[in-house]
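Single chain ahead, written as structure tokens, the form predicted alone.
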Amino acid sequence: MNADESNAQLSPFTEEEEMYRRTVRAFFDRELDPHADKFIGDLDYDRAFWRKAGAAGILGATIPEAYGGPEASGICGVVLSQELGRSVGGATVGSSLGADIATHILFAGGSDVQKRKWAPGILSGEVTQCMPLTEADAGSDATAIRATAIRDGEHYVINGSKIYVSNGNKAHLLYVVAKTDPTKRGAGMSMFLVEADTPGVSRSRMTPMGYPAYDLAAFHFHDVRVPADSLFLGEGKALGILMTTFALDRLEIAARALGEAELAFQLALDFVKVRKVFGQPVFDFQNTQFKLAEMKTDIEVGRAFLHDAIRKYRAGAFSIADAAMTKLWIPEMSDRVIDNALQMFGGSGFMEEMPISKLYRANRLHRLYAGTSEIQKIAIARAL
């Protein structure tokens, strides 16, 4: 058995997923990395990027063949996230195509009519999606949301505000989570499919510390009337839908963080081999070699951790604690690696135009969103 055959056996990814990876990698090399700055402040350019991704066959990978999709596994989203992390342009655009995870929600809880209506646009990139969930007083604790959806005849009336919504400013389709029973916590949460141009929906851009082209939005819903059949599965069912999505989301975040660590390591390695101090390459100093050895080991442990998590996910054995540990450890590891990588660049690493500088700021988000590191520790402790 040669090395390639051995690695193929050890990999948790199928041949189909690796083919998808090659497609994604070629697309990012062609359409993202050389043009990253064009995304900043230009939603039209971003929309065109989504249409190109659709034409390349990247979007809606999990959509069943009956609805025109390739019916690939949800792990394709993990592959996409890792390759986005490995892309220099990824440190500019934010979640970007990762927002396609919303398709998982549509096909987990949507009606046949809804799926047939939206699948073609999702596949082509003409329709983008987002999930307004987080509120100013309800972040890691999603059950604390205050937005309401009150039944009024054949409609629901939605009121409330949402923040930190990825892909929010250009999204056509919103998966809005609101309380149909405000007296309850998780049991009172319901999800609605809302078209972005529905009267009463307004949104505005939010500006994050990293990812300068990140499409991040705040929403306000004022007496937004939606048909009763916009409700997913039934009243009080949102938390169940979210829990199935959170498991995959945490895998994708971990993969993104791992990809960024891999990219930062390679950037640092290339730099120290050509940068000279006191007449010799920085690589030749023992301290540099020791740090690189630690970074490489961290990345390999992180990769093994992610691969094990993927295998558990496939087997239906990926627990809440597993998801929390994956979301906790890999982003924390990624932070260590990228911090050490920037240090190897010296003062030049602090400059805005340097990819390592952009990666450093962008990577900080992974320990905050989709549940902070502290929230993950609580989830792990509860399982003990």
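In this text, residue numbers run from 1 along the sequence as written. What you see is a predicted model; the values in this text were computed from it and never measured.
Here the subject shifts to the form predicted in complex with a small molecule, a form of this protein not shown in this document.
Only one of the listed residues (84, 131, 93, 105) places a non-hydrogen atom within 4.5 angstroms of the small molecule in the model of the complex, and that residue is 131. Here is the short version: of 111, 140, 161, 198, the single residue with a heavy atom within 4.5 Å of the small molecule in the model of the complex is 140. Although the partner is absent here, residue 15 sits far enough away that none of its heavy atoms falls within 4.5 Å of the small molecule in the model of the complex. When the small molecule is considered in the model of the complex, residue 267 lies well away from it, no heavy atom lying within 4.5 Å.
Mapping the unseen interface onto this chain, residue 166 counts among the residues with a heavy atom inside 4.5 Å of the small molecule in the model of the complex. In the model of the complex, no heavy atom of residue 310 sits within 4.5 Å of the small molecule.
Heavy atoms within 4.5 Å of the small molecule in the model of the complex belong, among the stretches 149-157, 179-187, 210-218, 74-82, to residues of 210-218.
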